[in-house]
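Here's a solo chain for you in structure tokens, the form predicted alone.
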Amino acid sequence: MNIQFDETNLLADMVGRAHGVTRAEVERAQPKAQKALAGFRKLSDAGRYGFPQLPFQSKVVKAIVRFAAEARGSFDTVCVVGIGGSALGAWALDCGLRGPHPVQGAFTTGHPRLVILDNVDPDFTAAALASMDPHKTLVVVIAKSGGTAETVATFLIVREWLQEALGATAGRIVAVTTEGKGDLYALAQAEGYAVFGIPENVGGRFSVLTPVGLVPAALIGIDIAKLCRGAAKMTDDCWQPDLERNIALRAALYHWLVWTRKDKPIQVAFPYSNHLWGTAFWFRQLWAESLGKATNRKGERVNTGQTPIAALGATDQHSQVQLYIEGPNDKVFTFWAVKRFRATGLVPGTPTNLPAFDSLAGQSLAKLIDAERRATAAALTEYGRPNCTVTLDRVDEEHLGAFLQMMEFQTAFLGEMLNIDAFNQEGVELGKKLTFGLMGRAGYEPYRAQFAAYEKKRAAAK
């Protein structure tokens, strides 16, 4: 397993002192990085934050593998009902290891498809149900709290869809939730669903290596033991003080410097691989929810955050790079490169006597996409736009597991350097509570009244 981080194009030597960090700034900031490492290690060892321990959960992995093996052959579709961190991890794994839809090939009981119901758009939900056979569908409903409105509403529809076709649904539904707590757990116990627990010290956006991501992954045939093996190797590196070995800490240090010292409030994740496109959307939630905070740990108002954007290379060279090159210099770019693709995409060498065609004849798409990435990095650098590159040797279970774990550690370290709690999400909660109030949930009447006051204010402003 080999993942590299190249920070060269973040340096002032490459993009100028106004937009790049100097070696002296890096040297002065290293004690801050070491303090972040020590601080997070202390919190992790105390059990406050659990994601670093997830790759070593051998009993959980074995239980999921056993369950998937016993269920295999009875379904051709795995339907995940969840939202946010309860859905994006499964999509990142499916897209990364089996390829993006619709290029995965025919779905069978030996190669089931993954359908993710992660929104309450009624047309989307109806179309998804119409595309599945209830007799060949296994439903995985995921909600840590057990009461997420979007997940509960969609699940009730899916559950009724199964009941109408099958009668009993116990063998067709798996619940992933906090064990012993919440309404989803209570329903699972009452109706006999298989249940896999989510550790209470792991939040949704850090939960890809809990049953939240591992259960759907195992059911569609992904080797989750290898996934955790790669993450375990990365975890060992992420506890090291040596910045050359600890690429998550090094990346956090450079990103903290270029963000806070060079005023780059936007982070562009730029994978040059369709297999990593789902991971870019997973990263958006990880970065946005973890680092967007109103206050620091001292209770001081800071309103910090770096807006994450997902761009796909080479596709988005033709839709976004004009802005990135000539627009505001307020962004830092992280290219995700793949050294070895599964296919080369050999271009036929037959001459046509047309320069645009003959210049590419006999070459390969693998060479072209790598040239596209390197050329884009060079162009950005020429215009003083700081950028860096993470290179995966290949996209397989070990590398993807390691890459996800690296980014979670990088996020945690950066949170420590910003002196914020990267693991809470108070900004999300008010919208949830107002929604419960609007939908008439008992106990949320004050939020319904709060929304009514908001509507009154809107009416007066018109």
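One-based numbering along the sequence shown. Predicted model only: the values in this text are computed from it and were never measured.
The same protein also has a form predicted together with a small molecule, omitted here; what follows describes it.
- Listed residues Arg373, Lys144, Lys293, Arg385 were compared with the small molecule in the predicted complex; Lys144 is the one with a heavy atom within 4.5 Å.
- Only one of Leu97, Ala314, Ile247, Ile83 comes within 4.5 Å of the small molecule in the predicted complex through a heavy atom, and that residue is Ile83.
- Proximity to the small molecule in the predicted complex holds for none of Pro271, Gln320 and Thr389, with the criterion being a heavy atom within 4.5 Å.
- Of the candidate stretches 103-111, 282-290, 376-384, 339-347, only 282-290 has residues whose heavy atoms lie within 4.5 Å of the small molecule in the predicted complex.
- For the chain shown alone, Lys433 is not a contact residue for the small molecule in the predicted complex, no non-hydrogen atom being within 4.5 angstroms.
- Proximity of Gln425 to the small molecule in the predicted complex: non-hydrogen atoms within 4.5 Å are present.
- Interface residue remark: Gly230 is not counted as part of the site for the small molecule in the predicted complex, having no heavy atom within 4.5 Å.
- Mapping the unseen interface onto this chain, Arg172 falls outside it, with no heavy atom inside 4.5 Å of the small molecule in the predicted complex.
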